[in-house]
Structure formats: C-alpha cells, structure tokens
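Heads up, the chain below is alone and in the form predicted alone; it's given as structure tokens.
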C-alpha cells in the first residue's frame, strides 16, 4: 500500500520533478541590482497565455471560409454569442499589447547588453520568438476577412515576388491562388492556430532553458558566479515571483481597462467592412507594431528592390548585435556614446512608426527615407563605438 505522497515520489523518481523545480525555480538566483524592466519577460508569457485562452474560445465559433469568416466574427461572435465580444476584444488587445511588451523587453536587453557573451543563445532564441510572434500576428490579421485585413495580406505577400527565380511561384504557393482568396484564408488559419503556436511554445522552452543556464544579466552588466548569486542574489521562487505577481496584477488592471473601455486602437475601423477584392482602400497600412518596418520598406521610394532589401534587413539586423557590438563594457548604463546612440535609435523607431500611418507623399516620403537611414546608422555605429570603448578601457588599465 502506497504511503501518503507516494504518487509524487513515484513520479519524481521517473521524471525528476524536484530537480527540475530546483533548477528552474527555487535554486535559480537573480541579481539584486535589477529593476522593474526585468518583469517584462514574465509579462510576455502572461499575454501569450491570454492569447491562447481567448483564441480557443474564438475558435469555437470562427468559420475559416471566405464566405463565412467576416460574419462569423462580426455577427456571430460579436452579437449572437454571450460575451463573445469580450473574447474578441481581449484577443485583439492582447495581440497589440504583446508587441508593446516585447518591444520593451527587447529594448531592455539592448540597453543593458543582454545580448553579449555568454548570452548569445538567449538573444538568438529571443529573436526567433519575435519573428514567430510577428508571423502569428500577420496570419491572424487576415482571419476576420475585413477590408484592411485582405489588402494588407495582398500587399505583403506580393513582396515575395521580388525574390529572384522563385518569387512569383512562391507567392502563388503561399496564397494557394493568384490572389488572396479562400485557400489563403485556410492556410493562414492553420498556421495561426496550430503550427506557429506550437513553435512558439518549443522556442520559449529553449529560451527559458538558455536563460537558466547562463543566468540573468543585471543593470551594471557585472558577471556573477553561481556561488556569488547564492550569497548576493535572490531566488526566483518565491521571492522574485512574489514581486512578479504584483507587477502582473497592475498590468492586468491596465490590460482589462483597455479591453472594456479603450479597445479601438487594436481594431481598425476599416476592418469592419467586408473584404472587397475590387475596391482597394485609399491607404493600406499594417497594425501599429509593424509600422516602423513598413516605413523602412516605403522609405526607399525611389527603388522597390532597395526598399525590400532594407525591409528584410531592418527585421533581421538586430539578430547580429552580439557580433556588431564587441565592447568590453556590457551595460549601456556605463557607456555614454552607446547610450546616446540607443536613445536616438528609440526615438527614430517611434518616428518611423508615426510616419508609417501617413501617406508616403511629398515631405513624408523624404522623412521616411531619412528615418530609415538613421535606423541603419545605429547598427553601423556599433563597431565604431566598440573600438572607441575598447581603447578607453585599455588606456584606463595601464
């Protein structure tokens, strides 16, 4: 006869649950010199959970059919299903807030040098999560089958035509048709609800494992051994998580305020019109979280090919920061030149986001070009700043 608690012990002997708990939670120590920005990693997981739960409820009533999709969202879910509108608002707001949280999380990593050795794998997996989340958002944006959804998908998929040799065939393969149609909707639906979420879960697990192996960075960028962390640090569970629960509570108050009272920013009015393949909207633009990259695409208005190259480069160049920035100083807190460049980059990103919603004509077109150049100048300046800082450290060490 099994004694009390015997099943847990039986399971622990086979799955090492206690050892995993110690590694991931109770014996994982964080430095004390961190601030509230370190909470945004947990917030991304919270928002992802909200997206999954609200998405499951929407999935029960959504029809992935070009003739039924729009009505299944705007009539069935919004009007017929009890509290269906709450789940739609929650999902839409969570999609937007996810990118706000992600951008803050990435900016924190950039400022405090969390991409530097030995955290390159953490940075790479984090970048993959950003790409996968972007793909998830893009495929999900088409599903309501509204006017802006349709034409945004038509515009973005057309970009693949510029790829040498395989471009035109690749566009047809992605769409399943010569234009965005029912086949495109079902493909994007499958990617959005099955394939991409599974990939996100797998890469998130790898990302968390990589963080546990090398440890979290701190404000000063000073490396600490495991022994030092046990003495000077705080355990993730329960100490740090107790603070995280407070941050999550405040965040949820803000989040549900948006869901119930200010959800308009996450739902474009044009998208409440059914998709019409014969009527193009006067101005096509993506959701706000893609506007900066979209403006880089439009910024090189004098060459479509150059604009496409710049667009792809703007999405992927951040991946190479560990190799562009070789400064021996880790944290931007102690790097005056880098600090200036970083804040110029942040302001430029916001500037490009604003321009992305405006028509690319006249002065706006040239401002977009200048903003795009400044965007890339930040990354071009990293090796130069690194060299200057390296020489300063060498002189100080003499």
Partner chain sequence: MKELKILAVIVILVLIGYLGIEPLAHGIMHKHVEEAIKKYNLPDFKFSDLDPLPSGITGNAEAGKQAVQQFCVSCHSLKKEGINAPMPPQAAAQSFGVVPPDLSNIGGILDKKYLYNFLKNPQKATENPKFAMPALGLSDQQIMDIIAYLKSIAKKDMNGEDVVKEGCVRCHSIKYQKISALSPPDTMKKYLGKVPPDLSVIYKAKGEEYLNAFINKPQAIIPGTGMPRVGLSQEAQEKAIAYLDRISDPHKEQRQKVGLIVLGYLLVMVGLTFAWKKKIWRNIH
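If you're wondering where the values come from, they're calculated on a predicted model, not measured in any experiment. Positions refer to the first chain, counted from 1.
Below: the form predicted in complex with its partner chain, not depicted.
message = I need to confirm a contact call. Of 314, 139, 74, 218, which residue comes within 4.5 Å of its partner chain in the predicted bound form, counting heavy atoms only?
response = Filtering the options by heavy-atom distance leaves 74.
query = So which of 209, 85, 195, 320 reaches within 4.5 angstroms of its partner chain in the predicted bound form, heavy atom to heavy atom?
reply = Contact residue from the list: 85.
key: Contact of residue 29 with its partner chain in the predicted bound form (heavy atom, 4.5 Å)   = The answer is no: residue 29 has no heavy atom within 4.5 Å of its partner chain.
query = Is there a heavy atom of residue 242 no more than 4.5 Å from a heavy atom of its partner chain in the predicted bound form?
reply = Within the cut-off, so yes.
ask   = Contact between residue 130 and its partner chain in the predicted bound form at 4.5 Å, heavy atoms?
value = No, residue 130 is distant from the partner.
4.5 angstroms heavy atom contact with its partner chain in the predicted bound form for residue 116 = No, residue 116 sits far enough from its partner chain in the predicted bound form that none of its heavy atoms falls within 4.5 Å.
task = Could you tell me which stretch in 131 to 139, 287 to 295, 323 to 331, 116 to 124 has residues with non-hydrogen atoms within 4.5 Å of its partner chain in the predicted bound form?
result = Correct option: 287 to 295.
message = Please tell me whether the candidate spot formed by 186, 222 and 375 is one where all three residues come within 4.5 Å of its partner chain in the predicted bound form (heavy atoms).
response = No residue of the spot touches its partner chain in the predicted bound form.
ask   = Taking heavy atoms and a 4.5 Å limit, what residues of 76 to 104 are near its partner chain in the predicted bound form?
value = In sequence order, 78, 79, 83, 85, 89, 100, 104 come within 4.5 Å of the partner.
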